[in-house]
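The same protein chain appears twice below, in two forms, each given on its own as structure tokens and labelled structure 1 and structure 2.
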Structure 1
Amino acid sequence: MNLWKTVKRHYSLYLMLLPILVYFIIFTYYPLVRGFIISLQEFQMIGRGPFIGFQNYLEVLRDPQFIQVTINTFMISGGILIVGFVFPIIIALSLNEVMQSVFKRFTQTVIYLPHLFSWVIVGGIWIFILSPDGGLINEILTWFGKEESIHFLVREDYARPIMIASAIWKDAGYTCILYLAAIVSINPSLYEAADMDGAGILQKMRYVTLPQLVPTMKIVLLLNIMGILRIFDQVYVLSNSAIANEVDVFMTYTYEKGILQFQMGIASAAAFLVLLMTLLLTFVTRKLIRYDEGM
């Protein structure tokens, strides 16, 4: 009865929320439920496929290709997670010490711009940079006496580092802006107290700035963990048959099985395994970093 009175009193607010609720039901939760049902079926183009239980999941887990993409995903995503977490902090701390406001704003703009580009544009930029014919890196190496061009994009030993570096290059500016915003909100009296104690720049970074950035670090880390297993765009744009075995990830496996081979049951099962792993990683990370404490 109390619930009904509350709804009746604030019915206009609930009416405004209704379209959002309907949107998520239609475009998020229904496809999610439908996808789980398909993962338990032997999918057919016409008619309802017979239920086969968890057979699709077993087939995915037994697939050597899925084992390889699991290794690739964790290697690439792990590199992006670790380096992409530390690098923006270093940039933010460095920019915070820049006193020239014009240079500071210009640098912020330059490092943030790649985040606005789609992966098609970013992929084109990196293909130009790494191209063996006229590519920026090979041209620089030529100036230093390197005669033979290096075919970066078809070398397996460069494949994973390129994926990691390109992802960090694209998103580091965005994360850096978040840290800079958090630094601006730090109480200036803390720095004044540190100056009175004779603290230098590095000491103020270590004992004042970094501790105050911990809540932001927790949020950034958790957001990165939630997307760590869903990388696709950069691999799809930069990959080729020569390096596919080193860079194919969960999402490219799902794309290949579902879209190219039309094995929708297998693809749905793989997608839900990724979802379960993401939930597990998020839960474990949340507990390890004590996300709910000190926020």
Structure 2
Amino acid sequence: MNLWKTVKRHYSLYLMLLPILVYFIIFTYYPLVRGFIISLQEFQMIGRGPFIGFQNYLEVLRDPQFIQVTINTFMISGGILIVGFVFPIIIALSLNEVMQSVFKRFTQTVIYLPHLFSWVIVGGIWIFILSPDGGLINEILTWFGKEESIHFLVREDYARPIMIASAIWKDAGYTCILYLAAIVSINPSLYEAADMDGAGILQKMRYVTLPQLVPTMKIVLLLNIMGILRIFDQVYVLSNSAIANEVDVFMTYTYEKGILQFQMGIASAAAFLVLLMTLLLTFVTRKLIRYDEGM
């Protein structure tokens, strides 16, 4: 009875929460359940397809194209994960040593900028500068005596490195700013103590700054891990038929199967496998880096 009273007293609060809960149920929870059901069915355009157990999952796992996109996803995302983790730390450490605050601010402003742009914009810029006819990169290469243009975006050997490089170009500045914010909040007395001990610049980086950045590193790593299997826009924009085999990832596979070929059962099964892998990866990472301890 008492419970009912408190609920009633706060009914306007529940009313304010109602649209949010309805939204999440219709656009997150219901699709999750629905997706799982579809993945167990033989999909038919009209009416309900019969349940076929885990047949779709088996078919996905036996599909050579799925094996290929698995390799691609882990190669590309793995590259983005590693380079995208290390490089911003280097930039942040380097920026922290800059004394002129105008130069420092300007650098921050410039490197963070591409993070604001969509993958269509960034992809458009990269396609343009990598173009074989008059693209910026090929023009610069002619200064070094390269006569023939390189067709960067249709070469299989360049495909994955270009995906990784463009992702770093877009997002390194963003991650770097996270580290800089953490560096600013390091207690200055730690540096004073290091100075007293006669530590040089590199020693201070190694023994003071880096250990103090560990909590931020954990957050960055976890956020990146949660995102790696879902990359889609970037690949959709930068991929083409010549390199698709090297760069197509889980989500482009799902999109192609489900939306373009209307094999919704297969696509949903693939999507669920990805969801499971993401949860597993997140869980393992949390345990490995002891995310929940000492934060």
Partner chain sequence: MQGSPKKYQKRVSYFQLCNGLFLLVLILVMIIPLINVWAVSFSSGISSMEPGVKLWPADFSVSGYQRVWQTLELWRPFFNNVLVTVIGTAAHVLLASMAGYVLIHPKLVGRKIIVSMIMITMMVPAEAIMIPLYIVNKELGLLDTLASLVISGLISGFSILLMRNYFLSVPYSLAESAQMDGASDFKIFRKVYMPMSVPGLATIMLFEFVSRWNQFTPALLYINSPEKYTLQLALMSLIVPDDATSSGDFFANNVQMAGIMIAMIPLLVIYPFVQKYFIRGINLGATKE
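If you superpose the two forms and keep the largest set of C-alpha atoms that fall within 1.5 Å, you have the rigid core. This structure is a prediction, so every number in the text was calculated from the model and none was measured. When a residue number appears, read it as a position in the sequence of structure 1, where counting begins at 1.
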### Query
Which of these two chains, shown alone, is the form predicted in complex with its partner chain?
2
#### Entry: Threshold 2 Å Cα movement between the two structures for residue 276, core superposed
no
### Cα displacement of residue 16 between the two structures, core-superposed (Å)
4.0
